[in-house]
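Same chain, two forms, each on its own as structure tokens: structure 1, then structure 2.
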Structure 1
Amino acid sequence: MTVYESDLPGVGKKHEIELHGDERLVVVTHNTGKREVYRRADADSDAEKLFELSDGLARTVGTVLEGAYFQPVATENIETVLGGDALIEWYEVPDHSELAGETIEAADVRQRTGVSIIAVEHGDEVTPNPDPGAGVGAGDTVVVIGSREEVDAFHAMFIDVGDGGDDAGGTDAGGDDGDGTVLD
């Protein structure tokens, strides 16, 4: 997927997201916060306006689309950038992880990596804000918060464990530097 970004002087920014085939989704973000969403059949066709959202509604819809309220089961890890350097990421704990079969405290997660585990999902049961004595098993999904470096350290220490480990990594946003830049 490629995302094209361009400035709209006096209006805001435009992002075009390649969909299936040549189809594109166009999001115009006005300086006021209003978003207009268009669909283009291909790069050369006229855009068809689909809908318009206020700033607050666009943020709520964006949060839902990102999966902040529901994590699809098939996804091994997803990251949410909160602004600044903080991000939230979901990881499935592999069989060979030091964390599998330990409590958060015994694994010394915060001291060793700097992240905090803010939720543990075991099957259909989710424990938000688990206490340090909470156990984590292989196959559980943990939600961590920290800086990029801390989350990377957590991934390297507890998730990317080599034999049987998960090396899916997070989604990396590419460069973003202005008019017509491809963000892919």
Structure 2
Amino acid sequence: MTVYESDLPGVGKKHEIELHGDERLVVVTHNTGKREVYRRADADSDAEKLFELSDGLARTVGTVLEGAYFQPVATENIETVLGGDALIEWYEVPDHSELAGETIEAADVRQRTGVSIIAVEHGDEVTPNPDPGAGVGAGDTVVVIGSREEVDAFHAMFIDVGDGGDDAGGTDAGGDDGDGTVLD
């Protein structure tokens, strides 16, 4: 397979890609970024226009053709998937959370949700692997590990408290706009 490149002064660039036999795919890239894709059945036939794509669309289609299309849907949560079902997630503890001002043991986090708190960040101070008696304050960031269901349960019980005091930046999923009016 050979790809021919040539300049089209004032227009852009042209790439001709050999397909089967004499057949060629011709891609004209305009200076504006627009791509026009043509097919030429053989050396002497006229180009037949197949389609036209904008710059952005052309790049997306290109990666799909390349078999490398991968664009994770952006989540608002910072989460790290560990493989299997386990994931690690960061949450800022809102003012009205049951966890605020309690110890991990008293809030009974593990029993009620299944997740384990593997670190607590208080200001600049990070406590890795905190013991059950460690206290958690509002505004602290907790790092939890568990299955997706367990992490979701933790989020629902301690983070998404929906009383207007939820200032946990970026940890709110979807429809909850912070004052408890969830549309359903």
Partner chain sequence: MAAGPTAAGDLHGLLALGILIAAATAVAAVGRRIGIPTVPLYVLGGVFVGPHVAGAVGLPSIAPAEVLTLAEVGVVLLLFFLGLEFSLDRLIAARRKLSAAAAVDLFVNFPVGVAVGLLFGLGPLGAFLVGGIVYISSSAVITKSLVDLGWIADPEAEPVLGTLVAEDLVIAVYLALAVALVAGGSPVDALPRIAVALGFLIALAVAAQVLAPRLAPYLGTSDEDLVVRTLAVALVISGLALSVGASEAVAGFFVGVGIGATPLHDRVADRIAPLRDAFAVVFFAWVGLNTDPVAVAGVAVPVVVAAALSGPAKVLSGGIGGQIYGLSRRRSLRTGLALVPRGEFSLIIAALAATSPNPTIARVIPAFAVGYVLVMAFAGTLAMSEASRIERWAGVADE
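FYI, numbering is relative to structure 1, first residue = 1. Definition used throughout: the rigid core is the maximal C-alpha set that superposes within 1.5 Å between two forms. Just so it is clear, the structure is predicted and the values come from calculations on it, not from any experiment.
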item	value
Structure number, where the criterion is the form predicted alone	1
Displaced residue check between the two structures: residue 147, CA, 2 Å or over, core reference	no
Exceeds or equals 2 Å, Cα of residue 32 between the two structures, core fit	yes
Residue 129 C-alpha shift between the two structures of 2 Å or more, rigid core reference	no
Distance the CA of residue 45 travels between the two structures [rigid core superposed, Å]	25.8
